[in-house]
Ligand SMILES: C[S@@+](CC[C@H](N)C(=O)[O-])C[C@H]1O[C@@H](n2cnc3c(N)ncnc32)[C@H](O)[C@@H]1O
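Have a look below at one chain only, the form predicted on its own, in structure tokens format.
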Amino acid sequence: MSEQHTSRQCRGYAAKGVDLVTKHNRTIDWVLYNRAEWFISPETRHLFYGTIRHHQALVDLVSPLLDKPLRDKDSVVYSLMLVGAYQLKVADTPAHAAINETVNATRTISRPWSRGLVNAVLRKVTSLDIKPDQSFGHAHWLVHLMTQAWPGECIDILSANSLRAPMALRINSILTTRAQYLERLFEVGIQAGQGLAEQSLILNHPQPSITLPGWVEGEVAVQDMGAQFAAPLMLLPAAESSACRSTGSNPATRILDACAAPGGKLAHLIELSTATAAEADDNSSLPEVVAIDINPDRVAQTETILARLGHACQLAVGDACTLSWWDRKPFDRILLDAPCSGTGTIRRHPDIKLLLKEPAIAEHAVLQLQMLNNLWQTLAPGGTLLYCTCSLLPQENDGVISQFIEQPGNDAKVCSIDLPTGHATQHGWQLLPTDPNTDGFYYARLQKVA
């Protein structure tokens, strides 16, 4: 189905998506993938994300207006009221349009009996103000951990998490240059500027990726600017880092991306390697790139993304906690983008505020350390491993690195990192969502002592 939805359909489908997240614990990614037909119109996605992003404030507004809670089977009606309240109090949609079309959406959610109730609640909402919330909808335990980690920046971080994230692009350096692609954007009326990462561009206004010039041809990808530092750091010789000069470095002849899906960093790595070899007119210098991911569906998704960009590599289903996939040939570089809480990407995944539970932080740290210990066995002496997460919490970042290097007999040396934005930490580098045009992201570089 290619046609756009009507206004009432947009509101109804957004409400159904909100209901799946809040009542059925589905992630936003799951909803967008498994109910893609609901999100044909950008307006639906806007209402869906916006309502989730401001969920707690909207609940505090709407719930007192109900004489009694709705039945569980009618929770989608409550979600529709939240979508209406979002339009009225956050999106500044004219009241008549917000109320009328949201009331009409009761047919889209198959609850026409609720027209009068939805109408009455939203009319009351128009005279109310959203109460200030110093937590910005984050759970109290998460606010506590954020305050411990970033006492001076915590309020700004929580506030930033309620905003819409910038749309960052990565140009495919095999096919074009940043200056050339920026000119192409301007020719079609799309305003953008250069980001701090070398291949990055930041759009002034987000828009569907399929509308970008050269998208089908693979000239550009959508990737957060913070994540675009991974590939350059991977290819950086360890000898260029003062903390690792004493041990020298091996050329990057064999590279592993150990948690590759959905493939943004992997594609960037292939692009930079290919462009470097082309500049040197030496295809023999192209490294062998191996990539694994534990999820077969995400491996298939990664294959599709690589194909659009014109890339290929040794990509397979594999568990970074085991060695059953390894051919016993060591790697000179390893990228471990470890599973984590995602607390640096709440702007893009506001459902994290609703679904993340405190015990998950410690569980992630155990898994992250297990992956580090396992993959370290596959790294050649003198080689480097780049550990990264999209977390803001030291428990998943410096804390994991500390545990790893302090193990008896460990032969890892921490390499320094210096990026054009962000903050140095004890063992690595932290980007925050309050830094220019980036999500929260953590990097640490480790070299195996030769």
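Numbering starts at 1 and runs along the sequence shown. Please read these numbers as outputs of a predicted model, since none were measured by experiment.
Omitted from view is the form predicted in complex with the ligand, to which the following refers.
Visitor: Give a yes or no for Asp319: in the model of the complex, does one of its heavy atoms lie within 4.5 Å of a heavy atom belonging to the ligand?
Guide: Yes, contact at 4.5 Å.
Visitor: Taking heavy atoms only, is Lys89 within 4.5 angstroms of the ligand in the model of the complex?
Guide: It does not: once the ligand is placed as it appears in the model of the complex, Lys89 has no heavy atom within 4.5 Å of it.
Visitor: Closest heavy atom of Lys265 to the ligand in the model of the complex, within 4.5 Å or not?
Guide: Contact with the ligand, yes.
Visitor: Quick check on Gln191: any heavy atom within 4.5 Å of the ligand in the model of the complex?
Guide: Residue-level check for Gln191: no, no contact with the ligand.
Visitor: From the list Leu122, Ala252, Ala261, Ile157, which entry has a heavy atom within 4.5 Å of the ligand in the model of the complex?
Guide: By the 4.5 Å criterion, the partner-contacting residue is Ala261.
Visitor: Could you work out which of Glu219, Asp332, Asp293, Asp351 is the residue within 4.5 angstroms of the ligand in the model of the complex, going by heavy atoms?
Guide: Only one listed residue qualifies here, and that residue is Asp293.
Visitor: What stretch, of 206-214, 102-110, 311-319, 159-167, brings heavy atoms to within 4.5 Å of the ligand in the model of the complex?
Guide: Heavy-atom contact with the partner occurs in 311-319.
Visitor: Check each residue of 329-352 against the ligand in the model of the complex and list those with a heavy atom within 4.5 Å, in sequence order.
Guide: Counting only heavy atoms within 4.5 Å of the ligand in the model of the complex, the contacting residues of 329-352 are Asp337, Ala338, Pro339.
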